[in-house]
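Just one chain follows, in the form predicted alone, and it is written as structure tokens.
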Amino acid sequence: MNKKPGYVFVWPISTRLIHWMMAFSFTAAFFTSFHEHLLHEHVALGFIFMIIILYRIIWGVIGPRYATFNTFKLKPSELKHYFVEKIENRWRKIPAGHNPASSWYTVWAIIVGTVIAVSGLLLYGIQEAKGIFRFLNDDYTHCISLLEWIHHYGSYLFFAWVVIHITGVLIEQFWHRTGMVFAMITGYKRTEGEDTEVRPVLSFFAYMMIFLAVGTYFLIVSSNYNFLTLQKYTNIDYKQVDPLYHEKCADCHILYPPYLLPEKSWVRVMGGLRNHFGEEITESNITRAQQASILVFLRANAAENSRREAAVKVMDSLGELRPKAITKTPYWRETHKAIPRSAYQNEKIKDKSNCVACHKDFERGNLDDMNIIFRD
């Protein structure tokens, strides 16, 4: 017997919580993806989304009435009949469980959501050299562009699918007057059928997955690095690694990580010390032997010989170019194009080459997105 006459209890509270967690985590992750300095939050939200996707796959196999995949209406003929009836009969009865459209939506969302989550994890490991797949950074950086394409366009596709879903729900709510908007709030649908019942063991599983998702989020955002976000590359002590490079170069300007330019660029830089960006560097400043030693260090640690994200993307952007300045690389220009020229007039920045003004660990070779400082 139904608890509420004229209504069917379809969605238990755990299912409703999971639904809104998926909606929130995807939406928030989608919009944080446009801001480099919010990568940490983006990853944390992505883990919520991934755990919820995993939950929904398992729930589709072991869940209660109306939740399992075997109750989905996935025949093309059923989908066609659904839309025909939707157009012809404004007051048609709705099923207690998933209709053909929502059945297809759920399956498609699970597939695309899985692609987004997996590609995101791989991208985090290969491109950022962080997380559980950071070990792949050594051998698979050539896959970054493909993974970026899959992750970005998969997210856009999912976003479009969400818009279609919301549109369908609003049509049901305001045209067909089925009260669909409130079904995922109250758990009740105005239709015919039997109330769903959730066994205690299933409720325990659902709440444990919710706890796992929320706990994972707070684990990630509460500290910069943990076992889920541990990074392969850390700060470099250039004074310890190459005292000569640190002493002679950092004495006059900020210390630039060698992996931001290719070997031929460093050869040009060291070969043009007579006019070193407007300054004359003579043998009284740096002897020929010291110049040769510094060049050996720069070439050994140049962009071609590094798997760091910036190094890989610098090389991908250059083609045949071998500029003497980091700010002349296409990669630098692309990543900084949204910064207004007026920002470089800030007294704390003053010049495009003053990278330490915004990257706090720049002179330690760490360009982590989390270390970006924004100047007012």
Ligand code: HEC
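Residue numbers here begin at 1 and follow the sequence given. This structure is a prediction, so every number in the text was calculated from the model and none was measured.
Form predicted in complex with the ligand: not shown, discussed below.
Proximity of A129 to the ligand in the model of the complex falls outside the 4.5 Å heavy atom cutoff. Using a 4.5 angstroms threshold between heavy atoms, E194 stays clear of the ligand in the model of the complex. Within 4.5 Å of some heavy atom of the ligand in the model of the complex lies at least one heavy atom of H276. Interface residue remark: R16 is not counted as part of the site for the ligand in the model of the complex, having no heavy atom within 4.5 Å. Using a 4.5 Å heavy atom cutoff, none of E78, Y82 and I94 lies near the ligand in the model of the complex. Just one listed stretch, out of 246-254, 132-140, 210-218, 233-241, contacts the ligand in the model of the complex at the 4.5 Å heavy atom level, and that stretch is 246-254. If you take 183-209 and check each residue for a heavy atom within 4.5 Å of the ligand in the model of the complex, you get nothing at all.
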